[in-house]
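The chain below stands alone, shown as C-alpha cells; this is the form predicted on its own.
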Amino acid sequence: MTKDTWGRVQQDLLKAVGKNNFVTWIEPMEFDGVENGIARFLVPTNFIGNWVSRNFGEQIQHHFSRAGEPVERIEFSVAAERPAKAANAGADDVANEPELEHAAAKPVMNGHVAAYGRSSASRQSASGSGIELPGAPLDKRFTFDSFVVGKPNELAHAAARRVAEGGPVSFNPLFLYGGVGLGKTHLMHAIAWHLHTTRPELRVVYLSAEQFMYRFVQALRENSSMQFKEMFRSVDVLMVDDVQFIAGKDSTQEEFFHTFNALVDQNKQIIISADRAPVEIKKLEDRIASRLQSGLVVDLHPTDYELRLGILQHKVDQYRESYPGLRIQDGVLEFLAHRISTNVRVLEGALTKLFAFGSLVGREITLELTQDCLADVLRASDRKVTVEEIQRKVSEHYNMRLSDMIGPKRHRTIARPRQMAMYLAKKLTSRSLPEIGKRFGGRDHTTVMHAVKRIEELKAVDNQIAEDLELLRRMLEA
C-alpha cells in the first residue's frame, strides 16, 4: 500500500472525525506500511497510540477496506523523534479566537495550580517544553476542620469528604456550584489538602479554568500541545475551579472535553466547581454540560441564619487564641448573622475588622461599637433580592426544575410560574425589562412586559395566585 493510498484514507477520516480530532490525533501519526493485514504507524507517544486505537481504530480499519486494502489489526510504535507536523495542532483555532489571544497575554493571576505527589524535577520532565504546572501552595485555612457545616452545605461537604477519602470512584465528576462566598473554593482546597496529606503518591492537579485555558494556549504557541495532552490526561485527580470561564471559548472547550473523557475512561476522579449548574452556563457546549451532569451535581445554597452564626462563633474561637483578653457582648454575633446574609466572605471580613478595632482601642465589642465600626459594611449588606434568587425560590415553590424556568418550554405548568418570577423580578429588583428578559433565557423585554401585565390581572381575580405571590415576596425579603 502506497502513501498516496494512505492520503486518500486520511481524507476520508477527516470527513468522518472532524477537523479538531483529525489535527489532534490522526495527523501526528506517520504511516509505516501494511504487511500481512497489519497496518503500522509511528506515533509521538504511547498515549496517542492508545487513544487512537481505542477511539478511532475501527474507523481506520473501515476506511482502509474502502480503499481496497483490508486491515485486520493496527499497531503503533513510538517514533524516535516527534514528527514536526504535530507541532501546529490547533494553531488555526488560536488565530480565530480573540478570547484566547487575550487570555494568553495576561499574567498568571490567582490561578491556583498545584501538582502534588511529584518533585519539581519530575513535573518538568512530565510536562515537557513550555508546559509546566508549578506547585502553588493552597490556602492553609481552607481545610475540612475549618469548614462549618450547616443544612445549606451539608450534602456538598459530605460529597467532598467522600471524594477526599478515596476508595472506589462512586460519582464522577463531583460538580459543586453556588454563588460567591458560599464555600466552593474552601471545599476544593480541603479536598486537595486531604489528598496531599493522606495519599501523597497521587498526582493531583488543581487549577482554575482560566489557568487551564492559559496553559492550553501556551502549549499551542510553543508547539507542545502533545505534551500538554499527555500531562493532563495522566493525572490521578483533576480539580478545575470556576469552569464557567471556558464557556464560549471553542478550542478550550474541545480540549477540556477530550481531557474529561480520557480521565473518566481511566476511572480517574474529576472535581469541578462553578457559579451555577451545568445547564445554566450560557455558551457551554451541550456535550460538556451533559458530561458534567453525569456524576453528582451539588448546590451550595445561600447560608441560613444558623449557619452564619456557627461560622461567626468558629471565627471567634480562632481569634481568642490570638487575643485572649478580647471581650464581645452578648447579641453582637446574632446581630451580624442577621444583617450580613449574602456573602460569607463579607461576614468574616466584617468580624476581622471588628476584632482589629476592638483590640486596638482596648474596648469591649458592644452592639453600639459594632454599628459604628461597620456602618459602611452594614449599609452595603442591606438585603438585595436578585433575579437568580427569585428564579430559584419560584422553582422550588412550584416543584419545577430551574432549567425549565429559563428554558423554551411553554406548557402552562411552566409558563405561569415563569411569569410570576418575571413579575417578582420587576417588583423586587432594580433590573430593567431587557435585563430581566436576558436572565430568563434571552427573552425579549416585551415578553416580560406581558408577564407583568398578566400576573397583575390574575392576582386581582385569583386568590391562590395572590397568596402565592405574597408568600414568595415574604420569603425573598426575609
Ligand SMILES: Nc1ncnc2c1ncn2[C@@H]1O[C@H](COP(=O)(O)OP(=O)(O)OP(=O)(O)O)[C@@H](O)[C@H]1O
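Numbers for residues come from their place in the sequence shown, where the first is 1. As the structure is a computational prediction, the values presented were derived from the model and not from experiment.
What follows is about the form predicted in complex with the ligand, which we do not show.
*Asks:* Looking at the partner-bound form in the model of the complex, is Thr386 within 4.5 Å of the ligand by any heavy atom?
*Replies:* Residue-level check for Thr386: no, no contact with the ligand.
*Asks:* Could you confirm whether Glu210 comes within 4.5 Å of the ligand in the model of the complex, counting heavy atoms only?
*Replies:* Result no; Glu210 lies far from the ligand in the model of the complex.
*Asks:* Heavy atom to heavy atom, is Pro302 within 4.5 Å of the ligand in the model of the complex?
*Replies:* No, Pro302 sits far enough from the ligand in the model of the complex that none of its heavy atoms falls within 4.5 Å.
*Asks:* Examine Tyr398 and determine whether its closest non-hydrogen atom to the ligand in the model of the complex is within 4.5 angstroms.
*Replies:* Flag for Tyr398 set to no.
*Asks:* Which one, 139-147, 226-234, 254-262, 282-290, holds residues whose non-hydrogen atoms are within 4.5 Å of the ligand in the model of the complex?
*Replies:* Selected range: 139-147.
*Asks:* Using a 4.5 Å heavy atom cut-off, which residue among Met405, Val344, Val240, Ile390 comes into contact with the ligand in the model of the complex?
*Replies:* Exactly one residue meets the criterion: Val344.
*Asks:* Considering the ligand in the model of the complex, which of Val180, Leu155, Ala375, Val361 comes within 4.5 Å of it through any heavy atom?
*Replies:* Of the candidates Val180, Leu155, Ala375, Val361, Val180 is the one lying within 4.5 Å of the ligand in the model of the complex.
*Asks:* Quick one: which residues from 346-376 get a non-hydrogen atom within 4.5 Å of the ligand in the model of the complex?
*Replies:* Counting only heavy atoms within 4.5 Å of the ligand in the model of the complex, the single contacting residue of 346-376 is Glu348.
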